[in-house]
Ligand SMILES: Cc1cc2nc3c(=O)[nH]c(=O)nc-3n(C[C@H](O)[C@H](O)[C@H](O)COP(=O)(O)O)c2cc1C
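Just one chain is shown here, as structure tokens, and it is the form predicted alone.
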């Protein structure tokens, strides 16, 4: 893969909040975790643990604990038929749940899995907003807590990147056709 191909991969690795009916099996979800385990982490401590959720009843149960798209105040998340077909729950030891370095590890792992999913033509949504019932729902081992949920599925919506020079500024938004618009600053606006 050359530099332009990687740039294209990153540009197409968007947040998807509506998914197609394409099934995502536990084998694919485990492959995403396998990519994440190879990514760098602070002090090479490798403290993250991953819970793969791929069965329909488990996915339905996890969905009930998630909060979707804070900027869409009138939207409670994807409707049945638009929901993810798999999740990877990234977990941390409870005593490190707010440790800044470990949260960076979580971000690195999540981004690595999102890129790996994108390379397979899948979409993802990183979700940090979930209720306290998620950990017991997943029957996590004692001492582990969820740090982030990666929802995974076939892409079920159109997502476009654009400049921030609309009435929405940097806030993402949907148009009347349901296209999800994501404003991004230009490179020259970021370099200092």
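Numbering follows the first chain given and starts at 1. Because the structure is a prediction, the values reported are computed rather than measured.
Heads up, the form predicted together with this ligand isn't pictured, but that's what we're talking about next.
With the partner omitted here, the residue from 43, 166, 129, 30 that has a non-hydrogen atom within 4.5 angstroms of this ligand in the model of the complex is 129. Although this ligand is omitted here, in the model of the complex none of 20, 117 and 155 has a heavy atom within 4.5 Å of it. Only one segment in the set 30-38, 135-143, 51-59, 121-129 has any non-hydrogen atom within 4.5 angstroms of this ligand in the model of the complex, and it is 121-129. Residue contact check for residue 182: one or more of its heavy atoms lie within 4.5 Å of this ligand in the model of the complex. Although the partner is absent here, residue 68 is a contact residue: one of its heavy atoms lies within 4.5 angstroms of this ligand in the model of the complex. By the criterion of a heavy atom within 4.5 Å, residue 148 is counted among the residues contacting this ligand in the model of the complex. Shown here without this ligand, the chain has 14, 15, 17 in 1-29 lying with a heavy atom within 4.5 Å of that partner in the model of the complex.
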